[in-house]
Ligand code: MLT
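In structure tokens, one chain follows: the form predicted alone.
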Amino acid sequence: MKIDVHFSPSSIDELSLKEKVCIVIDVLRATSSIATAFSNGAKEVFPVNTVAEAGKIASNTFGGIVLAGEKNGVIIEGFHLGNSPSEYTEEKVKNKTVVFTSTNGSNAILKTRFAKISLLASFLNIGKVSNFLVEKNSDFTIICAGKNNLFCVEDTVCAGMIISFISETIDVELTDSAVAALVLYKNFGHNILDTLKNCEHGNFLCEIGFENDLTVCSSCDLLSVIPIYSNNSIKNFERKDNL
């Protein structure tokens, strides 16, 4: 099994991911929030890059729509939810369609639109995703959302944790970037919450009042969901999907 890692989506040609298995990570906070939404019964999530696109989808969909996301860390004016996992409660998202946009995560997800399989991972659902990859036993590419198209520690540590888990079970071939992710995890993965508190984006979230999100997003293997992006929307993977 060959594993590759992209530290940000900025250099990725979407067509280069065609027929590939991809894992998208945005620990703070998109993939954490989306996993939480599915854990609380969301029907599906539509990722978009702009507020205008979100409004267009909402206006063309009848009933059960939740507008969610952030710009520069805070909830977008007129939206129902921001990008804190704790906002995605059963009361607010169960059986609902969530239209989602964020500064970093939605762009990374949309980059995988041509992939054979695109899964969303975070520390919250890392066990479920890793087990899926072990069972699939095929090459895959991890795409870190990063921060403003630049490298970030937290997404790379999460990527390294996935690689570490899989390499305990299956023989793996790692690209240089995958080796770097694994090394970073071995150095910073012993205390995920401390890592989030000390990273650049974690500091930013604390400054604007979202310190509790770091505690939530640092919880490992808490949720048994696998969000899968296909045909422009994200749904929770089920065995009957035959992937």
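Note that the structure is predicted; figures quoted are calculated from it, not measured. Just count from 1 along the sequence shown to find any residue number.
Missing here is the form predicted together with the ligand; even so, the following discussion is about that form.
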(message) Is T141 part of the interface with the ligand in the predicted complex - any heavy atom within 4.5 Å?
(response) no
(request) Answer for L28 alone: is it within 4.5 Å of the ligand in the predicted complex, judged on heavy atom distances? (result) yes
(request) Although the ligand is absent from this view, report whether N83 comes within 4.5 Å of it in the predicted complex, heavy atoms only. (result) yes
(message) Quick check on N131: any heavy atom within 4.5 Å of the ligand in the predicted complex?
(response) no
(message) Please pick out the stretch from 132-140, 97-105, 166-174, 112-120 that is in contact with the ligand in the predicted complex, where contact means heavy atoms within 4.5 Å.
(response) 97-105
(request) Only one of L205, I192, L182, A54 comes within 4.5 Å of the ligand in the predicted complex by heavy atoms, so just point that one out. (result) L205
